[in-house]
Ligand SMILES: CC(C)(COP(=O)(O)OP(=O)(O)OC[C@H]1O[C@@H](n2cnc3c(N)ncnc32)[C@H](O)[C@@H]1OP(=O)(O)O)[C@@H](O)C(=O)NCCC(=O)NCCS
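Next comes just one chain, in structure tokens: the form predicted alone.
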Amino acid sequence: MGNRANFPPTSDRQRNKVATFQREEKTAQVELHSLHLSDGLPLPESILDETEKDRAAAFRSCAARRLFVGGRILCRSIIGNLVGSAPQALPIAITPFGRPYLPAYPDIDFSLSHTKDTVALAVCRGSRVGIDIERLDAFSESEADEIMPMILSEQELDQMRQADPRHRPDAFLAYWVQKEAALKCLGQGFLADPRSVIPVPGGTTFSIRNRGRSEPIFVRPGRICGEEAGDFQWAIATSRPVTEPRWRHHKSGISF
């Protein structure tokens, strides 16, 4: 991404892209994008709206500010390109639970996540979506042991205690990303109790049932390994089954 980004008008390619999202009625179509915030990567805040600029200015941590700005730029650029809107003109609102959404495009849902110097975006049409991404070294063994009772159900805790202590941080991280993605999909994030969502194995995609709701949330976990920015665990959650998601990694900025 340069200091000035060119955002083309609506084209046949954009209309075809939207049509691809609409093609499947029973299966959710998800796009996954990541942006590595390498040193020197320009992040033009002119793309942000006034509310976002105010939020960015309120961060005391430069790293946190950069993650917020990078996430909004990624979101506005990718979704703006999808719907044929200039990124800075894309209307984004916030729910009372702090979840961003698109009031002008209610059939498109999106979710953002970040870890260290990487932001991730999931975009979905026709289904709610949540995403979480974490570095493999996000938790030490002692940190995982301390946090587990606040995240895992009693059955999950029993399974974790029987696991090899050396493997617990990795196994716990897998639970973490799946549950956070599911709670984001439900619209509350960790404002809700993560112990209330229980994974139900079922192939590469499995459902998580919230004890307070009868509808399933379909979760697909995975890993990103060997990337220059590091190794990650990730998970997406949707309110409908999802096809195999594809990642697009933006290491030097966003191009169309």
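As the structure is a computational prediction, the values presented were derived from the model and not from experiment. For every residue, the number given is its place in the sequence shown, counted from 1.
Another form exists, predicted together with this ligand; not displayed. Remarks below refer to it.
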Answer key, this ligand contact in the predicted bound form at 4.5 Å (heavy atoms) among P44, G222, G187, P216: the residue is G187
From V200, L191, A58, A63: within 4.5 Å of this ligand in the predicted bound form by heavy atoms is L191
Within 4.5 Å of this ligand in the predicted bound form by heavy atoms, the stretch out of 135-143, 77-85, 149-157, 95-103 is 95-103
Applying a 4.5 Å heavy atom distance criterion, does Q178 contact this ligand in the predicted bound form? no
Just checking whether R125 would be counted as a contact of this ligand in the predicted bound form - the rule being heavy atoms within 4.5 angstroms. no
Margin query: Please tell me whether any heavy atom belonging to L112 falls inside 4.5 Å of a heavy atom of this ligand, as the geometry stands in the predicted bound form.
Written below: yes
Checked 51-90 against this ligand in the predicted bound form; residues with a heavy atom within 4.5 Å, sequence order, are R55, F68, R72
